[in-house]
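Presented below, as structure tokens, is a lone chain in the form predicted on its own.
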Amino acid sequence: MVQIKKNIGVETKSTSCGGTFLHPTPMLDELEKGPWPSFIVGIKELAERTRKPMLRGVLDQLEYSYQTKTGYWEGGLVTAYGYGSGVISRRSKIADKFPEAHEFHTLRVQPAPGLHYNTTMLRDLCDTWEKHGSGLIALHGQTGDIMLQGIEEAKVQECFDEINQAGWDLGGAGPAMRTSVSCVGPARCEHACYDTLQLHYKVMQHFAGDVHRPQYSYKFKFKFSGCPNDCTNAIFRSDLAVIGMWRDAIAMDTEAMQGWIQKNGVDFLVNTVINRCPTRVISLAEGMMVIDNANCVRCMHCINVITEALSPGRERGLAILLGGKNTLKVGAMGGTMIVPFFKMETDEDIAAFIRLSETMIEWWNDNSFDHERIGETIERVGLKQFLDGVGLDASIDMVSRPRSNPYYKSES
């Protein structure tokens, strides 16, 4: 239906989907054009179906924000009993102009390790959210949470109680341990070098109190990837990246490799695998691929291309990288290799990993400024001071580049 209405002081033309529930939003309508999916389409369809005034108010305020080039949301504090975090507060600064959007809080809900769900749980969660909130859900936020977006403060506790009884828990927000995310790991991936699902579960059980009750200098995130493919983007998007790693040689099935080469040809092997090895450790000898494993940097490229014949080595575990984050005080940072190889086979290995993680977090809380991520603290005080503080030895794997200053003063 095409209609003319007066909205936010401007006469506009709207092509909103169905009925007269939504007000005209000509600037937002522009975001519906083009080949890519639009969040505006999704919100409009949900608003028309549910007839929730909150969604209409949010669209109206967003249209106004685009017109004035100003944001009108402010934070605050909304909690559930026993939880100091997990709810992101959003209140409108112009509630007098758009009363339907006066509150639009978000519940962060922790996902299961590996993002494993069953349809019953998801349907129940959707029903509960549509009953108490806007019905708008985002899977998944940058931290990995299920984002239940749009609820009034008066309904937060009742909504949380209902989803908590169904087995869900709130994630982190503010200066706290944040929700972790793990790849599918050994559940479906042959490259997994450790059990990402088990470690994720045990670590977050241990730090549950730090998730629910903020007490850090700023946020801290774990992410668990089962191999160097890093499907959770842990190295650049988590403070402590847990990356599956192997210590021995890449495993090669010689017969399968010969079959792959016969099928695809030597030229394909050279151009697609050998020439694309970042450290040039692969060569061709008598028609067979040879790997100099001592200089391999575990980039996974050859394994990804020739999965029939290559796989991570048999001595598997994980590597720990610290300090990844997006832009804040000192710009985007990738994680620094802290522990090149950490065995992860027994419950004692898990306990040792948790103890080391606690030591790192305690050092960070003792030495950081307010609103400073652990990578920024290390950047400010120096890696050596961090290693001394947590009792770790320096490793050649931590060197990012040769030093340019030829003069060196020994501490002795």
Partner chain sequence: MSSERTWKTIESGPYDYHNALHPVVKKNYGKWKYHELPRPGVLKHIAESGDVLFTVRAGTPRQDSVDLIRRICDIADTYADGYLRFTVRNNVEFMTPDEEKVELLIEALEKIGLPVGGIGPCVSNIAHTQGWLHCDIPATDASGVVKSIMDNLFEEFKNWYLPSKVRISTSCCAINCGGQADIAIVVKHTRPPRINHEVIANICELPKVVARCPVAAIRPTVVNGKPSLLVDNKKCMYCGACFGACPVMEINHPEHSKFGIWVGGKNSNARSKPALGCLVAQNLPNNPPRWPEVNEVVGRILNAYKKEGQPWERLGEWIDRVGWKHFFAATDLVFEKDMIDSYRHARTTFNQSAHVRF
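By rigid core we mean the largest C-alpha set that fits within 1.5 Å across both forms. Numbering follows the first chain given and starts at 1. What you see is a predicted model, and the numbers here were worked out from it, not measured in a lab.
The same protein also exists as the form predicted together with the partner chain; that form is not shown, yet it is the one meant from here on.
*Asks:* The partner chain isn't shown here, but in the predicted bound form which of 62, 360, 54, 344 has a heavy atom within 4.5 Å of it?
*Replies:* Result of the distance check: 62.
*Asks:* Within 4.5 Å of the partner chain in the predicted bound form, heavy atoms considered, which of 264, 233, 215, 258?
*Replies:* Among 264, 233, 215, 258, a heavy atom within 4.5 Å of the partner chain in the predicted bound form occurs only for 233.
*Asks:* Within 4.5 Å of the partner chain in the predicted bound form - does that hold for a heavy atom of every one of 110, 168 and 296?
*Replies:* Each of the three qualifies.
*Asks:* With a 4.5 Å heavy atom cut-off, would you call residue 348 a contact of the partner chain in the predicted bound form?
*Replies:* It does not: once the partner chain is placed as it appears in the predicted bound form, residue 348 has no heavy atom within 4.5 Å of it.
*Asks:* Taking heavy atoms only, is residue 245 within 4.5 angstroms of the partner chain in the predicted bound form?
*Replies:* Output for residue 245 is yes: heavy atoms within 4.5 Å of the partner chain.
*Asks:* Would you classify residue 98 as touching the partner chain in the predicted bound form, given a 4.5 Å non-hydrogen atom cut-off?
*Replies:* Heavy-atom contact with the partner chain at 4.5 Å: absent for residue 98.
*Asks:* With heavy atoms only and a cut-off of 4.5 Å, decide whether residue 222 touches the partner chain in the predicted bound form.
*Replies:* It does not: once the partner chain is placed as it appears in the predicted bound form, residue 222 has no heavy atom within 4.5 Å of it.
*Asks:* Does anything in 82-118 come within 4.5 Å of the partner chain in the predicted bound form by heavy atoms, and if so which residues, in order?
*Replies:* Contacting residues: 83, 88, 90, 93, 104, 105, 106, 110, 111, 112, 113, 114, 115, 116, 117, 118.
*Asks:* Using a rigid core superposition, assess whether residue 356 undergoes a CA shift of 2 Å or more between the shown form and the other one.
*Replies:* No; that C-alpha moves by less than 2 Å between the shown form and the other one.
*Asks:* Does the C-alpha of residue 391 move 2 Å or more between the shown form and the other one once the rigid core is lined up?
*Replies:* The answer is no, as the C-alpha of residue 391 shifts between the shown form and the other one by less than 2 Å after core alignment.
*Asks:* Fitting the rigid core first, would the Cα of residue 365 be found 2 Å or more away between the shown form and the other one?
*Replies:* Shift of 2 Å or more: no.
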